[in-house]
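Just the one chain here, laid out as structure tokens, in the form predicted on its own.
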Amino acid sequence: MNATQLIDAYVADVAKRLPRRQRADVAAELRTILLDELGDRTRPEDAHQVIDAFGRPAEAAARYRSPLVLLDPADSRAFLRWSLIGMAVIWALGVADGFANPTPNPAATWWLGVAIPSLWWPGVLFAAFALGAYTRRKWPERARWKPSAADTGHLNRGWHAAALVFYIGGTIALVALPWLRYDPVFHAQRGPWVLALLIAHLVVYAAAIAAGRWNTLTRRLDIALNLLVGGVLVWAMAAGALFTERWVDDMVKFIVIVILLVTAADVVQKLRRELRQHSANVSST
């Protein structure tokens, strides 16, 4: 190919990446720009230099159309952080399950049964971040910054009391429903620890509702119990089955993992708030 043919081929490659209604105009404009850059030079090497300076066809096409942004750059760090945290939890539970239920080839079992399937988590997370980015672009007024309300610790007793009743009912159901067939070892050894911590958490929640607000003690107890409950649940799942039926056990463990990830995000936010409050108190003294 001579220099002009190379430029024509490049322009065609760029144009085919654009919507049909833009192709003719963009191709004519781009060809004029490149030929002007080429000037009186006629060697193919000179055309390659001009083309290389302008960028790959995909990069050139991107200059002529609005980019499709699925994940906002501002969300990249949060996406990476929660992807790594979620996959680390899933992988660790898979390793613990491998020790509890050994197989002839544990590495292959973990890789095929845990590591590769765990990629669902970044996929779900990416979809959630992409939906958030689309929502902010579609309805920018909803994403407009507003100053945070002062955290006084006060809570809505009605809503929180209703939530407490729901949590108590769920705890009673987990204990009393006859069709929930727990694994005997879990029921005898690990289950009582989980139940005791859940009850302790409900007591702290009830104390906050009775007072009408969260104070320093109840906030910190809430954080500590969230961490304890999460740790005990990880231990309980890693140590063996929770239910006698395998499909029920797998489904419940999946739900618990999702709950643990949401709880971890909540605990991080609460810890940050406590640290900010502590720093403010220290600064004011």
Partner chain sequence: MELELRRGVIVLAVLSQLDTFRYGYELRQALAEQGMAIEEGTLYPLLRRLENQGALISDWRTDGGSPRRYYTLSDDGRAQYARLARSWRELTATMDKLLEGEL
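For the two forms, the rigid core is made up of the largest set of C-alpha atoms that agree within 1.5 Å on superposition. Positions refer to the first chain, counted from 1. The shown structure was predicted, so the numbers you read here are calculated from the model rather than taken from an experiment.
Beyond what is shown, the protein has a form predicted together with its partner chain; the following relates to that form.
When contacts are judged by a 4.5 Å heavy atom cut-off, E274 does not count as touching its partner chain in the predicted bound form. Among residues of the shown chain, T32 is one whose heavy atoms approach its partner chain to within 4.5 Å in the predicted bound form.
Although the partner is absent here, A58 lies well away from its partner chain in the predicted bound form, with no heavy atom inside 4.5 Å.
Contact annotation: L68 falls outside 4.5 Å of its partner chain in the predicted bound form, judged by heavy atom distances. The candidate site formed by D25, A28 and D36 is fully in contact with its partner chain in the predicted bound form, as each residue has a non-hydrogen atom within 4.5 angstroms of it. Partner contacts here mean any heavy atom within 4.5 Å of its partner chain in the predicted bound form, and among 216-224, 250-258, 50-58, 231-239 they occur only in 50-58. Shown here without its partner chain, the chain has no residue in 208-239 lying with a heavy atom within 4.5 Å of that partner in the predicted bound form.
Superposed on the core, the two forms barely differ at E274: its CA moves less than 2 Å between this form and the one not shown. Core-aligned CA deviation for E245 between this form and the one not shown: less than 2 Å. In this overlay on the rigid core, A265 has a C-alpha that sits less than 2 Å away from its partner position between this form and the one not shown.
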